[in-house]
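Here you get one chain, nothing else, as structure tokens; it is the form predicted alone.
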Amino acid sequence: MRRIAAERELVRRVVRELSGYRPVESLESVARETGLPLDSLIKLDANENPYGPSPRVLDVLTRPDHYHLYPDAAQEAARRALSAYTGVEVGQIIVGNGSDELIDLLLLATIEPGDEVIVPVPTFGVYLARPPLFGATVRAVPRLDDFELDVAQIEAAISERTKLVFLASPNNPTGKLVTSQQLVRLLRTGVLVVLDEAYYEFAGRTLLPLGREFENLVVLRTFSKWAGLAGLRIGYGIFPPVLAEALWRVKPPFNVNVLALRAIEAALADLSVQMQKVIRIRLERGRLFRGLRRLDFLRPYPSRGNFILVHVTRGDAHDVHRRLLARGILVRKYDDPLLRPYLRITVGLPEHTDRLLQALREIAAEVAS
């Protein structure tokens, strides 16, 4: 029997050396590791919507359908609904298996070996992890002390090899918005700017209209957050026409399943109901922020997403994470040196906020004693 080649011969070097993006653990694995009952855990670590999808979506998901047939490769009904929602032409919209897939498709369509991608950090780890797989070099540009974009440093980092700049508004995990002035400055450089508006509905503000002025703007969005559909992996992108045409050539034909496409139509048909849930989360975000601010070992940052970044100013963030986990509360910790002193907390239900704040008060007393 022929021996399998050693890893160094079989696997590309870039893959061997890639650290990759580390997602949060599933509830089931956390329950096994901690010994806590699954239904006792509070999941505030992945920016999911605790209210879930709207009634029309639930009806679609439980209705028998023609699952033996392939989904519509052209995504026509879903894209028409998205066109009405966003106000852009149907031809500019492509739906993906999560916005992660659209990021990969963008890189596949645009990157030549040796190209550079600029990523202001800290931000969503996928922007850093994926470009090397397509032959690009990532140039990380630190943000200012208050997590604002350092636009001057981004401009200085742009070279003749720069192909893309990744931005998120609101930024994950800092919650900061990109301003129109900042975006216009970067668009004027001529480099393709990818603006991820995954949390747009919680911010209530979009920079999408700048796409009418500039042909080098891509806007990505998702149904994972506001629509409560993280489990169905629905993302969509709004692309300049030339780039949209290129992505159709590289996109797998049946990349989005039947249920996900139907859920897009149902969620947008039930928009008023779902946005009431978004409003609840916005209100709870304010209550959570005020509660965190009252704890003298934490410094929360104002956020326009459905999460709050918290600086643990006294003690160790990983220790606070461990103590919360022992109480059945999951929040996001970081190994990245830039973010190691921080925790990111998803805005949950009011009862989740109550339990979290009580746990943090107990932890403050334990650390002080």
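All residue numbers are counted from 1 along the displayed sequence. Computed from a predicted structure; not experimentally measured.
The next section is about a form of this same protein that is not shown, the form predicted in complex with a small molecule.
Q: Which residue, E265, E116, D100, E284, has a heavy atom that falls within 4.5 Å of the small molecule in the model of the complex?
A: It is D100 that has a heavy atom within 4.5 Å of the partner.
Q: Which of Q274, T174, S224, Q75 has a heavy atom within 4.5 Å of the small molecule in the model of the complex?
A: If I apply the 4.5 Å criterion carefully, the residue I get is S224.
Q: Does the small molecule get within 4.5 angstroms of any non-hydrogen atom of E201 in the model of the complex?
A: Answer no; every heavy atom of E201 is more than 4.5 Å from the small molecule in the model of the complex.
Q: Using the partner position in the model of the complex, report whether K251 sits within 4.5 Å of the small molecule, counting heavy atoms only.
A: Answer no; every heavy atom of K251 is more than 4.5 Å from the small molecule in the model of the complex.
Q: Is the gap between I234 and the small molecule in the model of the complex 4.5 Å or less for some heavy atom pair?
A: Heavy-atom contact with the small molecule at 4.5 Å: present for I234.
Q: Quick one: is A168 in contact with the small molecule in the model of the complex, heavy atoms, 4.5 Å cut-off?
A: Flag for A168 set to yes.
Q: The small molecule isn't shown here, but in the model of the complex, which of 81-89, 290-298, 182-190, 226-234 has heavy atoms within 4.5 Å of it?
A: Contact criterion met by 226-234 only.
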